[in-house]
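As structure tokens, one chain now follows by itself in the form predicted alone.
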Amino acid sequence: MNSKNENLKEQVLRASGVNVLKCMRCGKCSGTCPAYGEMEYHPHQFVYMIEKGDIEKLMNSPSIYRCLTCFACVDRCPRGVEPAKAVEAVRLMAVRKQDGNRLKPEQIPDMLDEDMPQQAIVTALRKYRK
């Protein structure tokens, strides 16, 4: 693994606090995931890819935005691995990446309608504006 991949892996592990080596790839986390059918990489695959250092591939996958962060995978894991926290860490890295934001502030006015709560606008700006 090259130093860039190793650095990204260390950032994800530090940010998430997840010990990916505890995963035995039983798939129980994926079996309970309500977004399973929408994801390119399922929770147990996600954890394994982090272990291998395939962070760039994960950052470019739509799977990180499909995760509902419901923590069903965390509850189901017999080894205490927390795949949802790992997904959140990779998602945060992707959002923080230069020009990697999914939503830019200038796009928000096009999405507004009279039923949208003001808090949604503030949250969008806090989450995606860099």
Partner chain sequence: MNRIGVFVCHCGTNIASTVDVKAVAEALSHERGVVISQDYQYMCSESGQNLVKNAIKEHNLTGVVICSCSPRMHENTFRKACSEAGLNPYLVEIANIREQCSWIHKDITTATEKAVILGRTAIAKVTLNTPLTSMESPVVKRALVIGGGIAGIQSALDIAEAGFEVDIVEKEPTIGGKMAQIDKTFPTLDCAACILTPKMVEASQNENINIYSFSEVSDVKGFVGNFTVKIKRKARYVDETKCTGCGLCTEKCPMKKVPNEFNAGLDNRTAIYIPFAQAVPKIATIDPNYCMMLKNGKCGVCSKVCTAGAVDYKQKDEFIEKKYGAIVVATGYNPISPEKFDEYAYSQCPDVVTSLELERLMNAAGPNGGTLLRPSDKKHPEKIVFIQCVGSRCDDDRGKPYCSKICCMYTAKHAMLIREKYPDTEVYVFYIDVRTPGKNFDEFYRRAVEQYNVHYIKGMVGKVTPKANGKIEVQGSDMLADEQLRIDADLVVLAMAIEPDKSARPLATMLTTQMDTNDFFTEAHPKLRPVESATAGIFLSGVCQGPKDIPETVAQASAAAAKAIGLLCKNSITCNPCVAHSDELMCNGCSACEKVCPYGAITYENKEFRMPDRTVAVRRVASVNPAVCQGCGACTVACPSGAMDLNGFSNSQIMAEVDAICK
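In this text the structure is predicted, and so the values were computed from the model without any measurement. Numbering follows the first chain given and starts at 1.
One more form of this protein, predicted together with its partner chain, exists but is not displayed; see below.
Chemist: Does R76 make contact with its partner chain in the predicted complex, using a 4.5 Å heavy atom cut-off?
Modeler: The answer is yes: R76 has a heavy atom within 4.5 Å of its partner chain.
Chemist: Heavy atom to heavy atom, is N60 within 4.5 Å of its partner chain in the predicted complex?
Modeler: No, N60 sits far enough from its partner chain in the predicted complex that none of its heavy atoms falls within 4.5 Å.
Chemist: Could you confirm whether C33 comes within 4.5 Å of its partner chain in the predicted complex, counting heavy atoms only?
Modeler: It does: once its partner chain is placed as it appears in the predicted complex, C33 has a heavy atom within 4.5 Å of it.
Chemist: Using 4.5 Å between non-hydrogen atoms, is G53 touching its partner chain in the predicted complex?
Modeler: Close contact is absent here: in the predicted complex, G53 is far from its partner chain, nothing within 4.5 Å, heavy atoms only.
Chemist: Though the partner is not shown here, which residues of 14-34 have a heavy atom within 4.5 Å of its partner chain in the predicted complex?
Modeler: Stretch hits, in order: K22, M24, R25, C26, G27, K28, S30, G31, T32, C33.
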